[in-house]
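Alright, two takes on the same chain below, each alone as structure tokens: structure 1 and structure 2.
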Structure 1
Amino acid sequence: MIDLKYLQNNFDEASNKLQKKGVDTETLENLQTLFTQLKEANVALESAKAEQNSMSKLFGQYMREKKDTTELKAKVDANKEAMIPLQERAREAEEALYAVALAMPNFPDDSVPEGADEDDNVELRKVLEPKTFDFKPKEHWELSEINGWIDFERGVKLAKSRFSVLRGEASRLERALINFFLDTNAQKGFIEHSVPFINNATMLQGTGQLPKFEDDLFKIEDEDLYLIPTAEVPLTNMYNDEILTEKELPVLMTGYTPCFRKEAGSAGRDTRGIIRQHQFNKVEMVAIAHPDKSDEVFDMMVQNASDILTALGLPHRVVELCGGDLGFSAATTIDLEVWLPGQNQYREISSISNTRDFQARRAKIRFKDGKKNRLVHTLNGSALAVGRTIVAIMENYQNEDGSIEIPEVLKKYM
């Protein structure tokens, strides 16, 4: 959650940052109104409390001086009654402000480029040159038909659209990639975790999926539980409402999980193939870092994901997201986009974000800095999305007859 004190004390500056991320003026004006209402409610309540304290002191004085306290007692009782609606008003004002704040995105870093959408993202560099084919490269669903790797029809039969079944070599490739990703992450110091694929609402609120993005989640009926949209949720919330020691930082975690998303806003997009599915596998990196060191950890995570793609021989580019394309919780994000020759374009395969103290404030993740507790910084990123890596291997390693080579680095896993 955003720092409400900073927002209140530096409203114009904070508003400009939020507008960079697409927050409209009406929402900001509503927020300012809620601040005013809470301030007025608290002033009225504090005034009543001060009056109560003053009369309570008088009560003691009257008793010592053996004065008649009947009238004073009536005033004290009346003031107590008057305080009840004032307390309720302050509570309601605070809850209203908190509810709006929970749906407010993180402040973008000052360095984040201006822009409205993905067309305004900034390419930082390209890694590896795309291969030149002496034939027209096929897309992954065409290659799947030739090799019998992906069964789209039975995926729909078993569930619904945007589900699929991997079979044979594709299934083995998926398993090989998961192991390769986890092993590589472990070499960089990330500790592997196996976590629940179902989390409660408090955890999803901690990382920012709730309440704003509930429509994109699969909820368990009659339970306060959801299928996770990413391993970022359980890994980050391992330390929900905990205080770490400074020596423990950074905490580096990795884990493989399936991810479940309704893709509520993606109607008509990527309807063919496995680029955008309701269920997909991903290996995630999560870091809980000292605020002074989170930029250093961020750069390491970006480089690690890029190194994995390089080891697989997959051309990719590194892109900095503009304000309008930045995710809800992110203060800054670097995307890695892999080259797909069948589609003749780069497509996102990893998104690495530093959320600063946004998630830590929501999830109450702190560390002991001397005598005081401070909020940590949390970071997350894919290393990598497994399905999209399979697509990239299929299209980049295809032969003219439709057969597919396996990257050298994966052969020991297969």
Structure 2
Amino acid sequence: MIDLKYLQNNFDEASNKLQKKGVDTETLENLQTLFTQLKEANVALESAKAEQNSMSKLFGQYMREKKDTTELKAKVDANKEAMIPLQERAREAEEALYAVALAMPNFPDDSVPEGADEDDNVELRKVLEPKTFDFKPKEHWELSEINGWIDFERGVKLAKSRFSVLRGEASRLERALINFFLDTNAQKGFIEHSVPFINNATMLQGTGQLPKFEDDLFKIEDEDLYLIPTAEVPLTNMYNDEILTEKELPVLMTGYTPCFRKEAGSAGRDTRGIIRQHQFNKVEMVAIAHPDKSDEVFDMMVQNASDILTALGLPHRVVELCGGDLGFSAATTIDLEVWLPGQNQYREISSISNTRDFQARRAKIRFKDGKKNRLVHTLNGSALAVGRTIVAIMENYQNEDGSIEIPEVLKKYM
């Protein structure tokens, strides 16, 4: 959630920032009004409560002194009656405010480039040259057919469309990649975690998936539980409603989980192959950082993900997202896009974001800064998406006959 006090005191500045994310001034003015209304409603209610409390105290005193309470009782009853509409008003004001505030995206950093969509993203650098093939490289689903790696039909039979089954070497490759990623992250100081794949609504709200993106989630029937769309949710919320000590920071976590997404709204996109599935595996990095040091942590995370791709010999580029392409919770995001020779294009394989204090405010994650509590910064990033790495290895390591080499660093894992 954005800082409503900041919005109130620096409205024009805040409005300019959010324009990058496509939020119009009117919506923000509404939010500001709702905030003011809540404060007014609370002031009225609280002073009525204060009066009620002091009269109740007096009541106790009268009882002890055996004084007559009839008159006081009448006053206190009247005040109680008068409080009912004030309570109602405050409750409504709060509800109205949070309905809007929780749906408001994070402020992008000032450094984020202007732009409407992914075409306006800025390429920062390329790492490794794509190798040239002396034959026409195939797409991964063609290679899958030759090698019997991915069973699309039976995945659909078992669940529904956009589910698949990995078989034999492909499944072993997946397992090897997960281990390779976790080990590499651990070497950089990320502590491995094995977390629940189902989280409750409070946690999903903490990281920003709820209430706005409920349609993208698989919900457990009759329970307050959802399949996680990313390990960012359980890992970040490890510290939900907690106060850390300064010396605990930064907390660096990594974990492997499957991720479940309804992919609502992406009908017709990437229907072929395993680029976009309802269930996919991912190894995630999450950092809980001191607000003054989150930029360093961010750079380290980007570098780590890039190094993993380099170690696998996968050409990729580093891209800074423009305002219009930034996710809901992110203040700044860098994507790593891996080269896919079969598709002849770069495709996202990792996305690393600094959400600043946006998630921390929602999830109430703070640390002791001297005497005061201060919101931490939370960061997350893939290192890496497993399914897409398999695709990248298939396409980059293919031979003319359709056979696939295994990258050197993975051999000890297989």
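All residue numbers here follow the sequence of structure 1, with the first residue given the number 1. C-alpha atoms forming the largest set that superposes within 1.5 Å between two forms make up the rigid core. Fair warning: this is a prediction, and the values are worked out from it, not measured in the lab.
**Q** Between the first and the second structure, which is the form predicted alone?
**A** It is structure 1; that copy is the form predicted alone.
**Q** Specify which of Val23, Val127, Ser54, Glu320 corresponds to the hinge in the chain, comparing the rigid parts between structure 1 and structure 2.
**A** Checking each of Val23, Val127, Ser54, Glu320, the hinge one is Val23.
**Q** How much does the smaller rigid part turn between structure 1 and structure 2, counted in whole degrees?
**A** Rotation of the smaller segment between structure 1 and structure 2 is 30 degrees.
**Q** For Asp77, what C-alpha shift in Å is seen between structure 1 and structure 2 once the core is overlaid?
**A** So the C-alpha of Asp77 has moved 5.6 Å between structure 1 and structure 2.
**Q** Can you read me the CA shift for Ala50 between structure 1 and structure 2, rigid core superposed, in Å?
**A** Core-aligned C-alpha shift comes out at 9.0 Å.
**Q** Would you look up how far the C-alpha of Asn30 moves between structure 1 and structure 2 when the rigid core is overlaid, in angstrom?
**A** On core superposition, this C-alpha lies 2.5 Å from its counterpart.
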